[in-house]
Ligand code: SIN
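Taking the form predicted on its own, here's one chain by itself in C-alpha cells.
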Amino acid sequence: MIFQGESSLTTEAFLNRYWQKKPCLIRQAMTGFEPDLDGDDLAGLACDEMADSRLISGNHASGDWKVSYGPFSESDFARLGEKDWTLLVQDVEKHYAPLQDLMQQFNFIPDWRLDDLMISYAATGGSVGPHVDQYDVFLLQVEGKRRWQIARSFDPSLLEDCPLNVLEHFEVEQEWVLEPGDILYLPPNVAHFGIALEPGMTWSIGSRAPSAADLLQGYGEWLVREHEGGERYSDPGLRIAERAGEVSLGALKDLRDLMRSQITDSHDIDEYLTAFLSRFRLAREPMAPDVQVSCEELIVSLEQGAQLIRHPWTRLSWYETPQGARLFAAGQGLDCDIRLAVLLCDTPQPLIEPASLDQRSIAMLTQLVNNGHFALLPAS
C-alpha cells in the first residue's frame, strides 16, 4: 500500500481526512521502489506514434512556454538543452504492462475513478508552470528531486497567448521538496507548481471525474442510438393555429412526455452510466483478433493451462442486477455472475477455473476474447 511510509496514516484515515478535501504529503510512501523504465525508455516510447506525448519548454519567470507533440524523433531530443524542459507521456501503464502492478497499489479507489499513469521526465528547471487540475492526482517522485508549491486560494486568470493553461498570478501557500519514494496527493482545484531541482522523473496517477455536461452529452447520444427510428411526435387533434409562431403549452407537454417516455426507468440510466464509465477518457479500444475461438476451444485451452490476459486498453466496469452482474468492457455490455465479474476486474490476468464456468459464463468469456478484450496465452 502507498501508506507504508506513514505509520500513523491508514487507508481509511487518508480517505476520511484528505480525499477530495486537502493535500497530503506522504514521505517515503514507496521505499525501495525500483522503476521499470528510465528516461531513455520514456523517450523511446515518445517516438512511438501510438503514444500520447508532449515536450514542454520554458520557465515561469520569462513566460516563454512552448509545446510540441509526438511522435518525436531522436533528433528532437538531441536538440534539447540541459535545463527548462519536460517530456510527458500519458497512459504509460498501457504500453508497459508491468506498470499495471503499480496501479494495483491504488485499488482502494474504485477502478472507474482511476485514469492512467502519466510519466514526466524533466531536466533541471523543467516544469509545466503553475496550473490547476479538475481531478485528484497522486504525484510519486521516482528519480531526482522536485519542488512542489501549492495554493488553495488563487486568482484563476490564465497567462495570455500561452499554449498552456498557466496561471498568470501564483502566490505560494505551502511548498515541499519531494525525493524518490515520496508521494504528494492533491485534490481537485488546488493550484500547484512543480519545478525539477535536478534531472528526474515524476509519475502521476490521475483520476477520472466526469462532469455533468459529460454525462448529459453522452446520455443524449446513447438515447439517440437506443431509440433511433422510434416513436415520433404526432398531433392528430391539431386545431387551426391562431398564432403561427407559438409553441403551445399543450404541444410542449406532449414533447416533454415524448422525451420522458424514452427514459423508461432507472435501470436504463444505470446501463448507460456503467457503459459510459467503461469508455470515458479511453484513448483507444481493442481490435478483434484475426482468428476467432469457439466456446469449446476456449474451454479446452483453459483446461490445458492457458492464461487469460486483459488487453491493456480494455476498461471494465459492472453493476449488480437481479440476475447477477452486468459487465461492460469498453462500452460492450455482457451478463455474468458477480463472482466472475469480480474475478475479471480484480487483476489483468484473472485465474479462471474451467470447471466453475456455466454456459453463460463460457459464452461471455468467448465473446470477450473474440472482441479483443482478453487474449489467450497458451501454457508454456
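Please read all numbers here as calculations on a predicted model, not as lab measurements. Residue indices: 1-based, along the sequence shown.
Missing here is the form predicted in complex with this ligand; even so, the following discussion is about that form.
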S207: touches this ligand in the predicted bound form, heavy atom cutoff 4.5 angstroms: no
4.5 angstroms heavy atom contact with this ligand in the predicted bound form for H192: yes
Non-hydrogen atom contact H131 with this ligand in the predicted bound form at 4.5 angstroms: yes
4.5 Å heavy atom contact, L139 to this ligand in the predicted bound form: yes
Single option in A151, L88, L99, L167 placed near this ligand in the predicted bound form, where near means a heavy atom within 4.5 Å: L88
In the predicted bound form, the residue from L282, M118, L184, I299 that sits within 4.5 Å of this ligand by heavy atoms: M118
Contact stretch among 243 to 251, 105 to 113, 141 to 149, 274 to 282 - heavy atom within 4.5 Å of this ligand in the predicted bound form: 141 to 149
